[in-house]
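Only one chain is shown below, in structure tokens, and it's the form predicted on its own.
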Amino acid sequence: MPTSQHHHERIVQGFHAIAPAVDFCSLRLMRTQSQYLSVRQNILQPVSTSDDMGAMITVIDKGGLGYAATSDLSETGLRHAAAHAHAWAQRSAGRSVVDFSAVAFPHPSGSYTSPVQQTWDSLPLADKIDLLRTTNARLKTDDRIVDWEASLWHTDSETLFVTADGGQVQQHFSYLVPMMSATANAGTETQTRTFAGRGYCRQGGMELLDQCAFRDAAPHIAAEALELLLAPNCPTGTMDVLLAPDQMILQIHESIGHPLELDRILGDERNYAGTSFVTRDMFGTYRYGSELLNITFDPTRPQEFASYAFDDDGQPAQREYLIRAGVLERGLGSTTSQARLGLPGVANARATSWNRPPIDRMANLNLEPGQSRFADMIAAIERGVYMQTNVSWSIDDSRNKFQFGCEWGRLIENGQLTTVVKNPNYRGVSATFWRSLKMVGASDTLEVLGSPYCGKGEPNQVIRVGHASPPCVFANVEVFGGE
């Protein structure tokens, strides 16, 4: 259940009572409630529920920055956290890579609520479990299906951001992740087909199940898992590749999203998540891809998984082009990174929880649609492979050289879809791969997808990201199979 307005008001009053007299002070309250339901092999798994709540206080004083988190939301608890944050700000003053007092942090005002037509709680728990049981039964279509599962993961999250100088933002998010998989086996061959991986994740309510056709997907997923058992391996060679939206989201995520994070470019992530092949001097001139490549950062898009009105530093979110007509324009850097690099960025300071500080993160990163019909994309390929749904990925520390594998493939020969193939893989180099983009699907081919899991930061922060993309054709790609 949402936190009461009275509770919010009490915390705001307590914060203003204890906020120290410094250059800047903020409180970020976060409450997250989740429920995970799963039926595997027709057996209901233990129902998992969680409820987590706490606050972080950030202090900037004389150029230093400090923060401290607490689950004690009484005035005494907030006072102790503020004292710790202030002490760290004093210790870091004059020793930080940036003078934080010179960074213009906002005092925002506003709110945001996920669009929900049918709430999670409007459907009784027994009915949701019955839905998963029914889906499970429809996945087990053959004795060769040896593992099968259907699940629903719902999260309700509230944030309250308050600044000592009068700023206040409330945001309420509702997330739903429907998942299903079927694994088939024959002898030494095992193949798995999933419901776009975990890609059909969005903000909203139970209406999302109809929008992504969850109730109808099981027989198709089981049939394709069985089909892959008898399919030949994907051929090896240089050819065109048509990537479905549920693979495009991984391609965008790994070889555009992460390389454009300004903290990577600054070297902050070098020890853990790696750096980037992108350098500061590339912005404004570097040809990242062909003229068909248009990438936007858009947290304002309704229903997408990482939509919001303000980031966790209180910056108002707006749609921005990162790459336009193939040219790199802007990076994924929040207020502090922008100040350090002297480059424009976006409102993408995001934290996974109340006990983690915001860092530069992806939110909704979308590839804008082009003009090509899907049938025309197929017809334009003389020799190639159509690939769906990511199953494996590997990319170097600078987010440049990569190798990705998909669950399902189908040959394209002389402009026709022909043989289904298993274990389709491809490899490339980010710095040149996007320049081979030669066709982009029209708006009616675009799918709104995302990922619940994007890890980064020390200590680690796993966060939600959204990606919308049409299918895309890439020329002269190195393709290989599983042999």
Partner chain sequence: MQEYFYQLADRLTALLQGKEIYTCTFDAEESDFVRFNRSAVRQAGTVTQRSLSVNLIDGQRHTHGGISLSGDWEEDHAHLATLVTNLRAQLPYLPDDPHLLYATEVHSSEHAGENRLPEDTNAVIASILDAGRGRDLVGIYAAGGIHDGFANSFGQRNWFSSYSYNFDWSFYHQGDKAVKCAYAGLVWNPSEFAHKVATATEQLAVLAQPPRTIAPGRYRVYLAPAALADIVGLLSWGGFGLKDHRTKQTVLLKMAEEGARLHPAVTIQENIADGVGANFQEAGFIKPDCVTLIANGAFRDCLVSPRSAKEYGVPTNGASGGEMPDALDVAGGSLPESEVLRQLDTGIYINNVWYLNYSDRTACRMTGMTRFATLWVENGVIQAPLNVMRFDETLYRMLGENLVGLTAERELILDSSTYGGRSTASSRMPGAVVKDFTFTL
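Numbering follows the first chain given and starts at 1. Not measured: the values here are computed from a predicted model.
Form predicted together with its partner chain: not shown, discussed below.
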item: Any non-hydrogen atom of residue 355 within 4.5 angstroms of its partner chain in the model of the complex; value: yes
item: Its partner chain contact at residue 375 in the model of the complex, heavy atom, 4.5 Å; value: no
item: Close approach of residue 441 to its partner chain in the model of the complex, 4.5 Å, heavy atom; value: no
item: Distance check, residue 304 to its partner chain in the model of the complex, heavy atom within 4.5 Å; value: no
item: Its partner chain in the model of the complex: contacted by all of 396, 458 and 481, heavy atom 4.5 Å; value: yes
item: In the model of the complex, the residue from 50, 418, 432, 414 that sits within 4.5 Å of its partner chain by heavy atoms; value: 50
item: Heavy atom within 4.5 Å of its partner chain in the model of the complex - the one residue of 300, 192, 168, 296 that qualifies; value: 192
item: Per-stretch contact check against its partner chain in the model of the complex, the hit in 365-373, 156-164, 140-148, 200-208 (non-hydrogen atom, 4.5 angstroms); value: 140-148
item: Its partner chain in the model of the complex - contacting residues of 37-69, heavy atom within 4.5 Å; value: 40, 41, 43, 44, 45, 46, 47, 48, 49, 50, 51, 52, 53, 65, 66, 67, 68, 69
